[in-house]
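Next up: a single chain in structure tokens, the form predicted on its own.
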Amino acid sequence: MQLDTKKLATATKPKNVASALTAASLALLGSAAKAEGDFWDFSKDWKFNTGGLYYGEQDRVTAVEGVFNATREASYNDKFSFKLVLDSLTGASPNGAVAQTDIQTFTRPSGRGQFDVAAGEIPLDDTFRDTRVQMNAQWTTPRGEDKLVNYGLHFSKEYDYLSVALNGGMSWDFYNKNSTLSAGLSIAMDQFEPEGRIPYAFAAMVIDEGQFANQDAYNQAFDATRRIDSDDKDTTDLLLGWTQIINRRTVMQFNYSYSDVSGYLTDPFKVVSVVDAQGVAQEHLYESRPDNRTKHSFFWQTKYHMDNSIADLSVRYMTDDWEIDSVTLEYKHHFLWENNSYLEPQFRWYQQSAADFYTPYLIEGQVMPEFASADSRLGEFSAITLGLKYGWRTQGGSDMALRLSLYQQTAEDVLSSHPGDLASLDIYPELTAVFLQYTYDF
């Protein structure tokens, strides 16, 4: 889906800072309008970008997203941009439980209702629904001939999730603007308020299979697994970058990013199955993750302009204290045609190791670990993306583009063997998804 604008050094909660950020934003924009009376005149040099994205996983999640972006470069060389994103997700999402040879029954995250999963199938909760609204405002202004300063606001709201953030950065040009050093800082505060509330770590999922005398008895048992209505997460991101023009055809970029996340990092909708020596699930426990994560990322990109095309190669390496290491290799080739159109094939390869607390299931009778998660996104896997983008210019001078991509993910088994029936089940199914993206610039 994409430095992310995300731990302010304060105990203020997101609900308290949202109004402050809104006021700051209005003050910022008000100052701009006062400084330049015709800034909001849309007959001036505004540029607009719109787009739509469809993302579909086979038999799983489907996402539809719309984007609107407006940019205005004012007469005093400042630049303002505003971005609005609306997206909707529906479908079925894995809940972390392991597949079984018999039908399984699970309680929905809200505690209201249950669903069954067929024998041999990975458990998916088909009630997955979410809608998100995201707004970003960014201001860039020069400081002398060789410096640019930017600062912005971020707001994102989902059904059960709120995120507000501040970001700022600066860039310096050297050697006749052939070299650029940049630095950026983003501070975000998020609040998660899931339906059904947040469960205790390793609390057993309560499933009503006739053992409760009445609905009140079931509700009491379910409530006993819940610890709080909501929880928070703080994020600090730092980005350092260097861009270098090598010659008239080649430009190169190096970035280092640091991210520190603290707070509630567990997914309250995910569980871990506990199986016996025959591989039969005895219960499902709500997962538990550490409350801090520190990540380091290193990025290198080179673009080479040939006579009628541009080669674009990038490599990213990420490592964190959850022992996840990942490598991303991406190559795109931009073929330029005389009629103001172009074709851009894309190849992307990704591989990551598993988190140190990732496990597809727990074994009954063994010592309970401090943390455990069966979320496949924390497991070991590799993925390939193949894409093709076609862009063209209309007779009115607007730019359009259409991209189609296919994503294939293959998981790696982190265990040497599996007990009983699990040895014959596919507990690491492949994931296939398709992206379709349309953009229109005017």
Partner chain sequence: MNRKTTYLSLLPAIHISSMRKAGKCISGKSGIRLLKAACLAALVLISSGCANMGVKPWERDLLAKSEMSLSYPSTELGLDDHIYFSKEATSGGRSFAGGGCGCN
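Just so it is clear, the structure is predicted and the values come from calculations on it, not from any experiment. Numbering follows the first chain given and starts at 1.
There is another form of this protein, the form predicted in complex with its partner chain, and it is not shown here; the text below is about that form.
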Practice problem: Please run the contact check for Val315 against its partner chain in the predicted bound form: heavy atoms, 4.5 angstroms, yes or no? | Solution: yes
Self-check item: Contact label in the predicted bound form: Pro290 to its partner chain, heavy atom within 4.5 Å
Solution: no
Quiz item: Is there a heavy atom of Ser326 lying 4.5 Å or less from a heavy atom of its partner chain in the predicted bound form?
Solution: yes
Practice problem: Would you check, heavy atoms only and a 4.5 Å threshold, whether His284 touches its partner chain in the predicted bound form? | Solution: no
Quiz item: Heavy atoms within 4.5 Å of its partner chain in the predicted bound form: which of the stretches 110-118, 204-212, 220-228, 158-166 has them?
Solution: 158-166
Quiz item: Looking at its partner chain in the predicted bound form, do all three of Arg129, Val149 and Asp232 come within 4.5 Å of it through at least one heavy atom?
Solution: no
Quiz item: With its partner chain left out of view, which of Phe106, Phe82, Phe371, Tyr342 would have a heavy atom within 4.5 Å of it in the predicted bound form?
Solution: Tyr342
Quiz item: Among Ser186, Gln100, Asn95, Thr359, which has any heavy atom within 4.5 Å of its partner chain in the predicted bound form?
Solution: Ser186
Self-check item: Heavy atom within 4.5 Å of its partner chain in the predicted bound form - qualifying residues of 104-128
Solution: none
